[in-house]
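First, one chain by itself: the form predicted alone, in structure tokens.
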Amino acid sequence: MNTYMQNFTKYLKTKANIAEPDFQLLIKKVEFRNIEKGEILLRPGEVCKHSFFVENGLLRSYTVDDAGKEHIIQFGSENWIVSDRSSAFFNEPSDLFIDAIEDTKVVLISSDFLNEASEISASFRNYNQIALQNHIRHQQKRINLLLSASAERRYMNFIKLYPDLTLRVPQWMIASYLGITPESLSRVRKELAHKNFKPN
């Protein structure tokens, strides 16, 4: 199984500092899946039972408003985890869709896995707590950017957060994530290109 989960193995051993004996116990408790492009992993009204560690590929989470417009909450490329934490923790129906933008390989992480890993390994418990706080910090910053930042600043933050996605994600999806129109995004890109242009 480990040959299919190289990134997840590195995540547990390197970032979460899971010792080899604990790793051998825990790796048996996760599930590996191949997800086709466009496949939906979570729908509104369903309870989120797993977090999805992206071994390879690209996921997104998003909502759809009453007018049918999508609002992208998060992208998840390699080594990212995509989930609806509120739904999973409180066992409540989700408001989110999660689907695959590309053919994607994911590791399914259940709440039971997280609880057991935290009991087995103090290192994992500490790392998971830090990861949770980082998630909260990121969400707070994202809300602040959407409420008060210019389109250019939002886009620059997107590039910093997701440096590998500008060529993998359609412009309308990036615009949706930024809370602006595709036309506004195109204008921002042109203005940035003009600013960075230095004639010989």
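Residue positions are given as counts along the sequence shown, with the first one as 1. Between two forms, the rigid core is the largest collection of C-alphas that superpose within 1.5 Å. Everything quoted here is computed from the prediction, not taken from an experiment.
Below, we turn to the form predicted in complex with the DNA, even though it does not appear here.
- Proximity of Lys69, Ser150 and Trp172 to the DNA in the predicted complex is complete: all three residues have a non-hydrogen atom within 4.5 angstroms.
- In the predicted complex, the DNA lies farther than 4.5 Å from every heavy atom of Glu20.
- Contact check for Ile180: a heavy atom falls within 4.5 Å of the DNA in the predicted complex.
- Using a 4.5 Å cutoff between non-hydrogen atoms, Arg187 counts as a contact of the DNA in the predicted complex.
- Shown alone, this chain has one stretch from 138-146, 163-171, 47-55, 24-32 that lies within 4.5 Å of the DNA in the predicted complex by heavy atoms: 163-171.
- In the core-superposed comparison between the shown form and the other one, Lys10 has its Cα shifted by less than 2 Å.
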